[in-house]
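So this first bit is one chain, no partners, the form predicted alone, shown in structure tokens.
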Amino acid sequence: MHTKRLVLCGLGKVGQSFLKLVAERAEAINRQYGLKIEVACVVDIGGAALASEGALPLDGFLDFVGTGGRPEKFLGYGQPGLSGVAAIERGDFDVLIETTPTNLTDGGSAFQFISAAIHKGMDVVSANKGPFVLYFEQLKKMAAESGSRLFISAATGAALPTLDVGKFSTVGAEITCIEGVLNGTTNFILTKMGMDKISYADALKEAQAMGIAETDPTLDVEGYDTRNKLVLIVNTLFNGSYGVCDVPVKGIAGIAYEDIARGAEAGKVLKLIATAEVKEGSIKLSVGPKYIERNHPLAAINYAEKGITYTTDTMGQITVMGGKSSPMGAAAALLKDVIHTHLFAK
């Protein structure tokens, strides 16, 4: 049996969902994979709950947090004011789980946490896009020098295994094109407009009422979330150093029902598509509304679901779709990556 001691930075919905999954499935994971997962530290804004040895009692901790308790006040383990960096430097951990809010300006505190973990040779499992969109090449170099590994599948589609298919299922083949419906909010809006024959404004309003779209939906509807995921996927799979400025982006805010209807009359479906075309050693990236044929595999992806298609030279087209777009879906991807740190040994 192998033990992985974890430090979690960020106790929002994704972080709490991750802890619940670990608490529920630790014994099954132990039996199936020979892996013992110990959450030894949880860090949030006001401080941390830290177990100097062994693990935090997750059931009790989750009950405490569920009633409004803060990690730094958890009896017997609370460390008021202890920052993520200080906790990482102080503790004996194997893996950092990073679930703090995404900051696409400078990476925020997540960049500091990830850097501190890498310097200690820890593996990093992250749902946070910010540091990797902004500093992918730098973090990759740091990790290579320290023996750390970066696992970011939760940041590239939550439960949709975008990276897993590209990294493992196409080994030995050459990827010539990647196309993805990578944002559930925009896909819901376009599907709703087409199915119910309503305007963009009405479809967005319904998405917001259902909690699918944020109050400020700019990141989604302008295509930026899709762009960020595309950058991470391409950099990971092609060992690239692309940034957001390398991706021309057009969102869906200007789409009218008539645009969707016109495509339907021609036997086509309008989707917000992320594209990476590989030609003669160069990669052309783009994000924008695109008419695709009804027999294209991505045409069947409706409402808040996502999907990705890999076109290869020897395997043909490979498409995966679905995957829960929720905090629990992202948490499940984090747990998968933790298990992968064990299965794919250094």
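Residue positions are given as counts along the sequence shown, with the first one as 1. Just so we're clear, the structure is a prediction, and the values are computed from it rather than from any experiment.
The form predicted in complex with another copy of the chain is left out here; the points below concern that form.
Novice: Only one of 130, 217, 251, 161 gets a heavy atom within 4.5 Å of another copy of the chain in the model of the complex. Which one?
Specialist: Answer to the contact question: 161.
Novice: Heavy atom within 4.5 Å of another copy of the chain in the model of the complex: which of 293, 313, 27, 59?
Specialist: If I apply the 4.5 Å criterion carefully, the residue I get is 313.
Novice: Only one of 78-86, 270-278, 164-172, 94-102 has heavy atoms within 4.5 Å of another copy of the chain in the model of the complex; I'd like to know which.
Specialist: Only one stretch qualifies here: 164-172.
Novice: With the partner left out here, check for me: in the model of the complex, does some heavy atom of residue 322 sit within 4.5 Å of another copy of the chain?
Specialist: Yes, residue 322 lies within 4.5 Å of another copy of the chain in the model of the complex.
Novice: Heavy atom to heavy atom, is residue 283 within 4.5 Å of another copy of the chain in the model of the complex?
Specialist: Although another copy of the chain is absent here, residue 283 would stay clear of it in the model of the complex, with no heavy atoms inside 4.5 Å.
Novice: Quick one: does residue 336 come within 4.5 Å of another copy of the chain in the model of the complex, counting heavy atoms only?
Specialist: Result yes; residue 336 sits at the interface with another copy of the chain in the model of the complex.
Novice: Is there a heavy atom of residue 35 no more than 4.5 Å from a heavy atom of another copy of the chain in the model of the complex?
Specialist: Flag for residue 35 set to no.
Novice: Only counting heavy atoms and a 4.5 Å limit, does any residue of 295-313 reach another copy of the chain in the model of the complex, and if so which ones?
Specialist: The stretch touches the partner through 297, 300, 313.
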